[in-house]
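Heads up, the chain below is alone and in the form predicted alone; it's given as C-alpha cells.
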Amino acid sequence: MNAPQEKSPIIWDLPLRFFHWSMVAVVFTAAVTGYFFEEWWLDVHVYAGYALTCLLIFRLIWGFLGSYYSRFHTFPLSRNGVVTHLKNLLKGKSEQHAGHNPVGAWMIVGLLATLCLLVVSGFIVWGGQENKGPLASLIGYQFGEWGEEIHETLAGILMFAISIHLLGVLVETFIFKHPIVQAMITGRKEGVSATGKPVSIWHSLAGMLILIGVGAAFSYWITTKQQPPMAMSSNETYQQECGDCHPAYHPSLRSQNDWQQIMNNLSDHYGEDASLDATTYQEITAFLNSQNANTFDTEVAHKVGRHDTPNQRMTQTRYWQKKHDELTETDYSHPDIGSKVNCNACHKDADSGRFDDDQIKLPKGVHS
C-alpha cells in the first residue's frame, strides 16, 4: 500500500497572498480611473491610492516580520545570481526557486519602489492641486502641478514594469511550467524544498492583524488631517447685481486687470448696458479687486484667472474649452444646465471658486 503523498510546503503565507491579489485589484482600479475615466472619477482614484498606501505600509512591515520567504533578506539580489539566471534563460532553462528567482526579486523591489514613489507624488498632487488630504495646508498649487508631472511619469514606468512582470510570469508558467500563479493562490510550490522556519497559523493571524491595524491607523490619520473646504468670501451686492443676468462668477476667475477693465466698460458689457450707480460700482469693484485670481492658490485661478483676457467670455478661454471639449451643444441645452455659463449645474463647489475635479457631478442624461 502506497504511503500518502506529503503536501508541498507553504512558501507564501496568507497575508502575503492577500497583499498580492489586493494590490492587483487596487492598481488596476487606479490605472483605469487615471488613464481612461473622466476627472470626476478622481475620488475613486484617490480611494484606490489610499488603499494602495495601506497595502504598501503593510508590505514594508511584513518584509521584516513575515514568514521566511516574505522577508526582504531572503531575496536573491546578488549580481552573479541575476547574470546566471539570465544566461540560463537564453539557453532555454530556468531553475525553479522556492521563493523569488533573482530576476523576479529585483522586479519586486522595482515595483515596490515605484509604487511607493507613486503614492508620495499622489499625495502631493492631491494636496497641492485639489487642496485635500493630509498635505493640503503644506503644499501650494505650483508644487502640486510639478508633482502631477512626476506622478504621470511614474505611472508610465509602472505600466512598463508590470508588462515586463506579466511577461515573466507567462514565460515561467507556459514555457518552463513553473506553477508560480498557482503558488500565489495556494501558497504551495510543487517540487521545491523550502528552507527556514515553516509558515504557521500564527504568521497568518499576525499578518492579518497588522494589515487591519495599518488600515485603521491610516484611516484615522487621513480623517483627522483632512482639511475643511477652503473658505472664500462673497459679496451680496455683487451676487445680486451680476447674478440678475448670469451666474456671478467667482472673482478668482479673473485677474485684477481684467476686473478693472470689465468694470470700466459696463456700458458695453458684452453687448449689454450694465451700468451701475457710483456707490454700487465702487463696492463691487473693491470686492473684485481684493478677491482677484492672484489672491487664490487654486487650479482655476492659475489656469484661467491669472491670464488677462478682458475681451473674452469665460467660455472662450483655451483652458475652459479644453476642460469641456467632450460636452456637446445638446449637453448644454439640457434642462438642468441651460447654458455654458451655468457652472453650478455641474460643479458643486463653483460658489467656493475651487472647481475641484471630484466635485463634478453631471446631471442625469448628460454625456459622461
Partner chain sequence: MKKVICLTAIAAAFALATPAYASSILDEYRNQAQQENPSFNGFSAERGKAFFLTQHATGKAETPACTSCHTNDPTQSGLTRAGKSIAPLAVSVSPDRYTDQRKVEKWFRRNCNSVLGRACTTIEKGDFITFMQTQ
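Positions refer to the first chain, counted from 1. Definition used throughout: the rigid core is the maximal C-alpha set that superposes within 1.5 Å between two forms. The structure displayed is predicted, hence computed values, not measured ones.
From this point on, the text means the form predicted together with its partner chain, which you will not see here.
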Candidate stretches 27-35, 339-347, 58-66, 323-331 - the one whose heavy atoms come within 4.5 Å of its partner chain in the predicted complex: 339-347
query: Which residue among Ser219, Ser200, Ser267, Ser193 has a heavy atom within 4.5 angstroms of its partner chain in the predicted complex?
result: Ser267
- request: Only one of Glu236, Asp273, Glu149, Glu95 comes within 4.5 Å of its partner chain in the predicted complex by heavy atoms, so just point that one out.
  value: Asp273
- request: Indicate whether its partner chain has at least one heavy atom within 4.5 Å of a heavy atom of His165 in the predicted complex.
  value: no
task: May I ask you to state whether Gly156 is within 4.5 Å of its partner chain in the predicted complex, using heavy atom distances?
output: no
field: Arg188, heavy atom within 4.5 angstroms of its partner chain in the predicted complex
entry: no
- prompt: With the cut-off set at 4.5 Å between non-hydrogen atoms, does Glu241 touch its partner chain in the predicted complex?
  reply: yes
message: For a quick check, can you give me the residues of 188-202 that have a heavy atom within 4.5 Å of its partner chain in the predicted complex?
response: none
message: Rigid core superposed, CA of Ser333 - does it shift 2 Å or more between the shown form and the other one?
response: yes
